[in-house]
Ligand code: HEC
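Here we start with a single chain on its own, the form predicted on its own, put down as structure tokens.
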Amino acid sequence: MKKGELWLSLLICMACIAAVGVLQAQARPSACETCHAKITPGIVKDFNRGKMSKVLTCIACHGKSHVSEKDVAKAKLPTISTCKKCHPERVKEYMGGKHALGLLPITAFPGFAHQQPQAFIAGQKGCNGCHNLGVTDESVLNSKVRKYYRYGMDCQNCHTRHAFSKEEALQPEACNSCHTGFDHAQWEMWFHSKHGAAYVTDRKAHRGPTCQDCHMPDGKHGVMTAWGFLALRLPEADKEWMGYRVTILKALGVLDANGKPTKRLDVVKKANMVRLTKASWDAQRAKMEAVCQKCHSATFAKENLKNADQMIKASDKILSQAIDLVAGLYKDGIIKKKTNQATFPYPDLLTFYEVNTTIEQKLYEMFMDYRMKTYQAAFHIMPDYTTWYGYAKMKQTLVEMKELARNMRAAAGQKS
């Protein structure tokens, strides 16, 4: 090694040693840790388990104001702006995806939200337990639904506090707590699919794709899908399908009885819940096809996605019939309608289970449970869920609703 190169190497080593010294000076031990090791030892243990403990102290996220048990209220709790200081690119990606808009859908049905117990919405024991996503500093100030809940924060939903582990967030189980159950059983669908089986039986080989592989390729945090949560798009070239869709959009309160847009469409746009241009839908579908083609041929990927699309159409046909059935009961005065007058005589699907009759409850279940499982399972390659938890249940429910409608009309002295 030449003399100049030797001096350069020594300077680099000295710089590295100095940098490590600075980081160590910023990290443990701290007065916070000394105290919290006695009060909340689990938190201290978790923090020291993560990489942040090597470069940060508690004050980086919680500030300097809280120094004793007498001023606990002064401790700051982080928002996504806190994370942005160190992770600007990931925050930028995240803010461009649907997770960052998680709070907005709640505002689309304020009547429903305000009818629930305070703990259910504001205390995050219900919908907002997951929909605290999207709680940015701005929404804290402007939210009309609830005041900022100090224990809700975006990033920690996947990178659980206080370890904030990337390794944890890369595992499909990180998605499990929100993407499960009634209206979005994506975890169950994936886990029981061949994709899930291939992954969990040999995690080291990573033979099957995880949620993150498909929805966050290359670690990108801007999660988005072509169909969106409601599986609706405009425009629609298939005229038959478009007819079903108009009926559903009226029942969602997005279109009025004459097919004209309502104010609720503005909320749907802000929440990016549906694709409202062909270009936006095509762009998201192209991204999905590219992901599928990492393991499958282009022909195979396109065919499977197309067949999943057709399951949406099949479910929309049944749902639109069910909506028309209930709408007819409203129109003829069999059911006294209380909500969504803008789309009278259509039911308001966004009132969910806050309805007065069994037939309306069944419509709600068809929309939020069975239709969701029909198409979501189709995209997650889980035929059993598509069939027995989705499509078959939709057909069964439609038969039950028709019988209920006949009985209700007979009780009212009307012919069915």
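Not measured: the values here are computed from a predicted model. A residue's number is simply how far along the shown sequence it sits, counting from 1.
The same protein also has a form predicted together with the named molecule, omitted here; what follows describes it.
For the marked spot (H184, R207 and R285), a heavy atom within 4.5 Å of the named molecule in the predicted complex is present in each of the three residues. With the partner left out here, the named molecule still marks one of 325 to 333, 87 to 95, 256 to 264, 238 to 246 in the predicted complex; by a 4.5 Å heavy atom cut-off that stretch is 87 to 95. With the partner omitted from this view, the residue of A122, M311, C83, I318 that lies near the named molecule in the predicted complex is C83 [heavy atom within 4.5 Å].
Heavy atoms of K194 reach within 4.5 Å of the named molecule in the predicted complex, making it an interface residue. In the predicted complex, the named molecule sits beyond 4.5 Å of every heavy atom of K337.
Although the partner is absent from this view, G134 stays clear of the named molecule in the predicted complex, with no non-hydrogen atom inside 4.5 angstroms. Although the partner is absent here, F300 is a contact residue: one of its heavy atoms lies within 4.5 angstroms of the named molecule in the predicted complex. Residues from 171 to 191 that approach the named molecule in the predicted complex with a non-hydrogen atom closer than or equal to 4.5 Å are A174, C175, S177, C178, H179, H184, Q186, W187, W190, in the order they occur in the chain.
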